[in-house]
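Just the one chain here, the form predicted alone, laid out as structure tokens.
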């Protein structure tokens, strides 16, 4: 559900402090399960839902998941509007595509992280997938969010598939140079990622170096599993933190709520 003040303004707003994104991978769960998890995540403090992740999920499945989540959010907004004790704005969170490629798109999303994998060795992730997806996004009016994307060690599957020249925890100067380059390209967002299910998160030094480029909104993901990890990223300069594996590994909805609430609280600085 697109916030009233506009999607990009919502994302770039720093008045709310460091906020949380729940990443839903439609290739690893049904649309029904994904929707239950998304609703639980929002209820627990997530302020954005990313849909994507897997590299081989067809657009039909991505679309079904986006559509299902959007419908559930609309129902929650309607229900809240009927109760004087409920807050409609709680449920006005955007559903954003975080695609593995041009095959995983949906007109039901509010927007898309239109990314350049800046440290990839492959033309495919620098420009080719974007070329394939651009006409589709234009046709259906999906708002693009220009995003620089950097993969840090250990990188995981995304680093492998993306043929990334991984940055390590000591590459703070290189992190700064990439951030400057992203700004000069006109990107508003820089996503620092250590890989899904990573054993470690992006280092504080690299986040701090990228943060020196004040005009960029920093999204940080990978290896964030608890309030301590979240606080480390937030203090270092993250505007948003992303968790995905945390949601998938939850034993049940109550466990998911507890874990996300813990991360959300940790990010408050």
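Residue numbers count along the first chain shown, from 1. On a predicted model such as this, the values are computed, not experimentally measured, just so you know.
This next part talks about the form predicted together with a small molecule, which is not shown.
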**Prompt:** With the cut-off set at 4.5 Å between non-hydrogen atoms, does residue 225 touch the small molecule in the predicted complex?
**Reply:** yes
**Request:** Report whether the minimum heavy atom distance between residue 11 and the small molecule in the predicted complex is within 4.5 Å.
**Result:** no
**Request:** Would you check, heavy atoms only and a 4.5 Å threshold, whether residue 195 touches the small molecule in the predicted complex?
**Result:** yes
**Contact of residue 216 with the small molecule in the predicted complex (heavy atom, 4.5 Å)** = no
**Message:** Under a 4.5 angstroms heavy atom criterion, identify the one residue in 178, 187, 125, 149 near the small molecule in the predicted complex.
**Reply:** 149
**Message:** If the cut-off is 4.5 angstroms on heavy atoms, which of these, 42, 242, 230, 62, is the one near the small molecule in the predicted complex?
**Reply:** 242
**Item:** Listed range touching the small molecule, judged in the predicted complex by heavy atoms within 4.5 Å, from 195-203, 102-110, 126-134, 71-79
**Value:** 195-203
